[in-house]
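Okay, so here's just one chain, in structure tokens, the form predicted alone.
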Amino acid sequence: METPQVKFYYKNTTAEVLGKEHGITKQQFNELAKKTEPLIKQLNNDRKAKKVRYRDLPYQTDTVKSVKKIAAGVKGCENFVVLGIGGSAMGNIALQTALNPYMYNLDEKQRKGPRLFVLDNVDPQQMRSFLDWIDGRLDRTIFNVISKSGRTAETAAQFLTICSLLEKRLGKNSLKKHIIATTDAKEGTLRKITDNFGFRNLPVPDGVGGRFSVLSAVGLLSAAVCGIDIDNLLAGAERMDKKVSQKDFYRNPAAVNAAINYHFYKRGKRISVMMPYSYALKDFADWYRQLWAESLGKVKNLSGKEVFVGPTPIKALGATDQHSQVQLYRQGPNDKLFTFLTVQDFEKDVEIGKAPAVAPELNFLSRQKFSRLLNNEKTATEYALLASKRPNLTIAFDKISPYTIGQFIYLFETTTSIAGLLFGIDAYDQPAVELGKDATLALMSSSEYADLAKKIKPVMKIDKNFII
């Protein structure tokens, strides 16, 4: 049996399908190839020079050994809780949704490990509800706090709260047993705490931003603990690494993907919609949104010139959002590029029930498969969008497995890098995020940000003349 693959299909972006006004002509593709091929070489050289560290993650044998050792050490716990936000959480959520059953947390028969919870926010009602539930289960629960610095306000708040609860219920000595830290290997607040308490720990790799970290210890530990085959996950990424390193533009899916997105952005289609036709893949649309937005939304290019560039990523879910968004997508502004995610073999399927005698008009559905219905929904939406001259791409999974998920992750991470080079911006920093982080610390009375707190005060004042 052939190893399942992820395939990239882009005919529905061409002028042959859409016409010259909304499609890409052969000449334009050749121009894109000429512009992109040197950037493939540049990215490959940057990778050899250790400037693009996420590209090495499929080959991290030592980290994988450490992850497996810790995962084996927590075997038997009933609950595994990730404390993190952004890149420290989205990948964990996406892997779990994609590679474990929908009812994983509720049905012991479907579960290959502990229940998994990812606390990726500081909503008080959510936190209170969770703490009330976990309170009597702490002795059977492991917490994985993920933060490179340890000073991210949201994760730090969660961590401090859990530590206090553990100390109160199980005693101070319980922290070492129930907490695993994933943090900077050498420095930072969480590293200092980890060394002081002797927590089991894993490294956040140097030079790998959070949104590129799902294939590092950040995402691998919760996956391994919950029974996901991380060797095959990384093997899939390694397979895609070979494809996206190819110098020939037309044989490199990341290069073609990036170039198509770049082309349409330059021609006014500045919204990028990812629409999985698979519930299992829905959280990878969330993961993609952070990857795309944080990497490509930049005010300045590499020369320091103001460019205010960045496609806006949107998520949708087929077939659900055919009933909520497609009206806009077909008859609203033609300013979007769509990327469908599809699955050929769902492995598990359901047969539609028999129609009652009083409703013979439903007989056409009877005895057919849910998989056929869902995939036909995708084709129908694809057809409708093309009828309205809306360009679209398809990422086709032979089936969803650790191997194909690894391919998908690596494909879009490399696509992001090449897109960054095409736009002429730094795809790896996120300077605009920092002010909001600092302002939060100021508002929470951090002495280091007292001056900033004073500047924020006018924003805190509510002008009653504008309340209705």
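Predicted model, so just to flag it, every value in this text is computed and none were measured. When you see a residue number, it is the position in the sequence shown, counting from 1.
We do not show the form predicted in complex with a small molecule, though everything after this point is about it.
Contact with the small molecule in the model of the complex, defined as a heavy atom within 4.5 Å, is made by all three of Gly86, Ser147 and Glu294.
The shortest heavy atom separation between Thr152 and the small molecule in the model of the complex is within 4.5 Å. In the model of the complex, no heavy atom of Arg390 sits within 4.5 Å of the small molecule. Contact annotation: Gly210 falls within 4.5 Å of the small molecule in the model of the complex, judged by heavy atom distances. Of the heavy atoms in Gln430, some are within 4.5 Å of the small molecule in the model of the complex. Note on the interface: of 99-107, 348-356, 86-94, 242-250, the segment with non-hydrogen atoms within 4.5 angstroms of the small molecule in the model of the complex is 86-94. In terms of contact with the small molecule in the model of the complex, the residue from Thr394, Gln322, Gln290, Asn257 that brings a heavy atom within 4.5 Å is Gln290. Only one of the listed residues (Lys399, Lys68, Lys437, Arg53) places a non-hydrogen atom within 4.5 angstroms of the small molecule in the model of the complex, and that residue is Lys437.
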